[in-house]
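This document starts with one chain, in the form predicted alone, laid out as C-alpha cells.
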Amino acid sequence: MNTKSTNKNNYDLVVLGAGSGGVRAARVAANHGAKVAIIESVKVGGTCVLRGCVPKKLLVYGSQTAHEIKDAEGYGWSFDSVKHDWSKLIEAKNIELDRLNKVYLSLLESAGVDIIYGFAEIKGKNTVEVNGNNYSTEKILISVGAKPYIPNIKGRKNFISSDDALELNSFPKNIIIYGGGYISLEFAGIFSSLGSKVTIVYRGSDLLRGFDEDISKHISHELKNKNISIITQTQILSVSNNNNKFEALLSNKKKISAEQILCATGRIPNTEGLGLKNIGILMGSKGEILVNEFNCTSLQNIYAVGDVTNRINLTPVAIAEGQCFADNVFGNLNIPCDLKDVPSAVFSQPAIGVVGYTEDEAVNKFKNSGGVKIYKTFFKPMKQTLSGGDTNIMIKMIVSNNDDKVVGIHSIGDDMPEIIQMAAVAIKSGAKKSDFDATMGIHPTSAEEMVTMK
C-alpha cells in the first residue's frame, strides 16, 4: 500500500499511544508504504520501557545483588562494609530509560513516522483531534495501554502507585503493599532485598490468582522465608497520614503503619477521555476495548492492540499484535495473532516462569480425552550448598495422557524465566514427555530437571 497524501494532516494510519505495540505497528505499517502518525501524551516508550518491565527489572537486578553478596560469604569472600544508595540506583535507571526513549524515537523517525505529542480524542471513525487540531485517517489503532487501578477507599490519595514506586526520592524502611498479583510480588522482592520491612495485604486467599495452585503455595512459602509478612483474606478500608507515617485500617479491624503504602491492586485499560463511547466502540466492564481475532473493534476501521484490550497483558503480545495488525491491514495478509501457549514470568525473588495450562485448566480440558499426568520436583539449587541459602526450586510439568504431549510447565527459581523461554519453544512445537526424557541433560544445572522428571 502506498497512498501517502500531500495533506500533512491526512494519514493512512493514526496510532494512539507510543508503547511497544503502537510503535511496532506504526513502523511496520510505514514500511509497507503507509503514511503514519503516532500520538503520545507523555513520552515515547510506553508502560514497558518507562513504567513497567524495564525499570522494574533494573531494580530487581539492583536488589538481587544483596543476595549475591550474602551468598559470596559462603564461597570465602568477606566484605568490610556494604551499603546501598537508593538515589544512585534510581538515577542510573532513569539514564537507561532516557537512552531507550531515544532508541524508540530513532526507530520511528527512521521509518518516517510522524510523532505528535498531546492527548488524543477520537471524534469520528476517520478523525482524531490532538491539541485542537484534527487529523483525518483511513485507519485508527488504539494502543494506549493500561494504568494503575486505585480502589475508591477513604484516603486513597495516600497510596503510591507502581509508577510512583519507581521514582521514590527516599528508600522506605518499611512498606505495606496492597494486592497479591505479580506487581505486588515484584516490588515486595525489590524492597525486601534492599532492606525494607515488607507487609503484603491481599483480599484473596492465595497470591497470584490465575496462576497454578502450586505456584501460589510455593511462592508464598518462599516470600515468608525471606521475612515478608503476608496477610490474606483482608482488605484495606482506609489510609491515613499521621505525621508522614501512613496508617492502614484493615477489614479485620487491625491497624498497621509504614513509611509508604503501595497500591498494587491491578491495572485497568487507559481508555478514559478517548471519546470511545461517543463513537460507539464496544467496551467491557473494566473499560477494555472489545476486539475480534484480527484486533478489529466494533467499528470496522478502528483497531486496538495490547493492554487496552485486557486479554493477555504482556509486552511481547502487544508487539506481536501490532505486527499482525500492520501486516494484515497494510501488507495484505490475513493471519490472526497466535495467542496460544504464551509464556510469562514474574520477577519476584525467587522468580517464576510458566507456560501452558495450569493443572486445573488441564484437568478440565482433557477430562474427556484420557486426563493428565502431573510431574513435580522440589530441590535446593547447587549454588546454595555452600552459600547456606534455603530457597527451593520447584518445577511442575503437566502431560496429556492421550498423546503424551507436555501441555504446561510451572516453575519457581531465580533462573526459571530464562529456562521457561526455551521450554515454551518445545511446548509450542508439540513436544512430548518422551521427547523431554530422550534429551540429555546438562549437568550440573537446574534446567536438567526438565528432562529427568519421573
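Here the structure is a predicted model, which is why all the values come from computation and not from measurement. Just count from 1 along the sequence shown to find any residue number.
Another form exists, predicted together with a small molecule; not displayed. Remarks below refer to it.
Among the candidate residues F330, Y182, Y104, F191, which is the single one with a non-hydrogen atom no more than 4.5 Å from the small molecule in the predicted complex? Of F330, Y182, Y104, F191, the residue with a heavy atom within 4.5 Å of the small molecule in the predicted complex is Y182.
Sole residue of K396, K56, R27, K35 within 4.5 Å of the small molecule in the predicted complex, by heavy atom
Of the listed residues, the single hit is K56.
- Query: Non-hydrogen atoms within 4.5 angstroms of the small molecule in the predicted complex: do K376, G408 and A447 all have one?
  - Reply: No, the candidate spot makes no contact with the small molecule.
TODO: Could you tell me which stretch in 73-81, 269-277, 198-206, 248-256 has residues with non-hydrogen atoms within 4.5 Å of the small molecule in the predicted complex?
DONE: Flagged stretch: 198-206.
So in the predicted complex, is the small molecule close enough to Y149 to count as touching (4.5 Å, heavy atoms)?
Y149 belongs to the contact set for the small molecule.
Query - the small molecule contact at F347 in the predicted complex, heavy atom, 4.5 Å - result: Yes, F347 is a contact residue.
Q.
Using a 4.5 angstroms cut-off on non-hydrogen atoms, would T265 count as touching the small molecule in the predicted complex?
A. Judged by the heavy-atom cut-off of 4.5 Å, T265 is in contact with the small molecule in the predicted complex.
Does at least one non-hydrogen atom of D212 fall within 4.5 angstroms of the small molecule in the predicted complex? Looking in the predicted complex, residue contacts with the small molecule do not include D212, since no heavy atom lies within 4.5 Å.
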